[in-house]
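A single chain, nothing else alongside it, follows as structure tokens in the form predicted on its own.
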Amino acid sequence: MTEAAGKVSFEDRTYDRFELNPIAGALGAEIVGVDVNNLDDETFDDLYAAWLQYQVLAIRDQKLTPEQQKEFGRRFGELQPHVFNKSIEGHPEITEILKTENETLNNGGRWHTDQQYRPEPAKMTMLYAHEMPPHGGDTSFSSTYRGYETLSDGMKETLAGLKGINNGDSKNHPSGLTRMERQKAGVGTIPQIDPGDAVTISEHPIIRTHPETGRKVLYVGSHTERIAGWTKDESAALLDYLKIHNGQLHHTCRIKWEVGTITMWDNRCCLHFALNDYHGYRRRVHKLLIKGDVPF
């Protein structure tokens, strides 16, 4: 990995401390042969570089308590509690995402990037799998690097000065309800809390620059409800197009979960979508967020 003018290049990077298997052409890699509870600094540096390069890493066969998951997360940055989702007891930084045998709704079933509505959105999301269905329950990821790079020059120029308004509690949800309204109606998927004074509507560039790689991304997801200075009606056609464009299949990879899998992804340059194809089975994961910085 080399650095020049604030950019990181992976052209000559090799990984000798673990086995790395790319998942798809756009993004994603599987890591074999590491124990995240026992990483020396050199191996961690390689893992961090691989994460930047591939955007999404799935690490198999791990055994983590909540405290160990937090300890591993802190190596990537400051932990960021979720402002809406209730945490597990004793660990305010960890949210449990559970779908039981009797439930039909799932959490995260739209293309989105976590905490896009915060002034400093999450840098990383880390999920650890505790229970998984025998089949189904995968997560798909889409590279917003590819989303930007495959736009026409004219569209890139049009979007260059625009900013998106991102809302963490919008009625634009498919249910037409806010988070608390969904919970009261019995259609919520995670218990919610009052965010208090936390800012949950934020304005960020539509074309964002990744602070570590220097590459540009199309920073549009399901939380983006309109373009700054435009009405919702004026914004709708363009945002609908950009959201569909960002989620094209050839921009994606798909992670198949197993108990003991850690998957961690870079919210600054990819979207994710939790598939809901495992009715009648349990799926339980623990979610941890790493704080990011102000998008530019």
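Small disclaimer: the values here were computed from a predicted structure and weren't measured. Numbering starts at 1 and runs along the sequence shown.
Keep in mind that the form predicted together with a small molecule is missing from the display, and what follows is about it.
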Note: exactly one of I97, M180, A198, L162 sits with a heavy atom within 4.5 Å of the small molecule in the predicted complex, namely I97
Assert contact residue (the small molecule, in the predicted complex, non-hydrogen atom within 4.5 Å, options S222, Q80, T139, Q116) equals T139
Here the chain appears without its partner; judged in the predicted complex, the stretch of 71 to 79, 204 to 212, 101 to 109, 165 to 173 with heavy atoms within 4.5 Å of the small molecule is 101 to 109
>> Is it true that L127, H272 and K287, all three, sit within 4.5 Å of the small molecule in the predicted complex, judged by heavy atoms?
In response: yes
